[in-house]
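First, one chain by itself: the form predicted alone, in structure tokens.
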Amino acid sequence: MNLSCQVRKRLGSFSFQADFQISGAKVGVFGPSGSGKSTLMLLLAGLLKPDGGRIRLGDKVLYDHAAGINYPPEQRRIGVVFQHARLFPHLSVRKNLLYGYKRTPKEQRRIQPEDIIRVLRLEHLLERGVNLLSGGERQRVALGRTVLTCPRLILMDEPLSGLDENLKLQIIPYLNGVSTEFALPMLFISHSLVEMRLMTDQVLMVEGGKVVEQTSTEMLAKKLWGSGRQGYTNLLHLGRPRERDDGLYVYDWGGVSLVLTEGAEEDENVFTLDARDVLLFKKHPEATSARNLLPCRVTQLTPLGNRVLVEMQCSGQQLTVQIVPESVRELELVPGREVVAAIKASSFRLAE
């Protein structure tokens, strides 16, 4: 995706403006409620006309106030997945999926129904009425229907906010799978930092009706940590666990095993670990209540006032720890230093 946008729009007392150029397959639009995220989505999709400016996607100009160009939504080839699935209630899952596909010119049909059905695992739902679907199933069908219009770009406007926490985690692998399998760029809109980190590589930050910054997703996480607006949270992608005789659960994480108190039923799970919940030792401790002792190597230190963010590599995995400057001095931490990270089994939480 190569997207260039310079637009302005006034809606009553609210004024929005954006001026950015961005390239990438997974781009996020991040900001608080009311900041203008959905306004940007509507402007890009052609569902709202700007007061002025220019929008270009790839080599096609979608809107140009000076040149009098304003393609309608159906000619922009931009798909939209809303917070609520907006399926046709009188149609089955199969007919909902095929609705846009049948209306897409044959020369533009580069994605076939059987392929999206396979990726989204919808085979057993095809003849079911959409009113009988769970929230996560409805979102998968809505995504499939949008993908089968073979768009050049998919806009996802808070697609997970209407789901409970377990369903959110279940649908994220499907979203990523569609983007990867069909080389479909996505613009993912959310106010959740965890969702941003799971779904995007780059982020447009929106505040007060403006696109104020363009950065990588990890830099956004560090920026919010530095401003005190968010604590830093590690995201660990773990598979299905093995249950021990003592009721604890063992997960594979790269080249090491992690012991957790919390089990999970999915094949792909995301756990959070607060950077403040990790202890560092110069060498392997003789005894500790922590069930996880990981050999790690320091790669970077980021000091800010009375806090330091320590980034490490642990058996090929990234782990970030927050400590105080005095601890940095006592442990003699510098890039390349070998340390042992101690983590309690109860410190991990399924991502929300």
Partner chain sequence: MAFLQPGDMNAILLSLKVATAATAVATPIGIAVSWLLVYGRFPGKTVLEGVVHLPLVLPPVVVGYLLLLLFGKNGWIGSFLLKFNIQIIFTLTGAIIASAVVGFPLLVRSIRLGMEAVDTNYSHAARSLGAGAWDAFFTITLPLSLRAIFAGMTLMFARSLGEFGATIILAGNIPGRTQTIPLAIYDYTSMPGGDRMALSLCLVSICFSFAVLVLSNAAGKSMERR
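Every value quoted in this text rests on a predicted model; they were computed, and no experiment measured them. The term rigid core refers to the most C-alpha atoms you can superpose between the two forms while keeping them within 1.5 Å. Residue numbers count along the first chain shown, from 1.
What comes next is about the form predicted together with its partner chain, which is not displayed.
- Of the residues given (R110, R121, R103, R242), R103 alone sits with a heavy atom within 4.5 Å of its partner chain in the model of the complex.
- Here is the short version: of V270, V206, I171, L87, the single residue with a heavy atom within 4.5 Å of its partner chain in the model of the complex is L87.
- Picking from 197-205, 251-259, 273-281, 73-81 the stretch near its partner chain in the model of the complex, with a 4.5 Å limit on heavy atoms, gives 73-81.
- Shown alone here, V61 lies farther than 4.5 Å from its partner chain in the model of the complex, counting heavy atoms only.
- Looking at T149, you'd find a heavy atom of it within 4.5 angstroms of its partner chain in the model of the complex.
- Using a 4.5 Å cutoff between non-hydrogen atoms, Y99 counts as a contact of its partner chain in the model of the complex.
- When its partner chain is considered in the model of the complex, L293 lies well away from it, no heavy atom lying within 4.5 Å.
- Once both forms are fitted on their rigid core, the CA atom of S92 lies 2 Å or more apart between the shown form and the other one.
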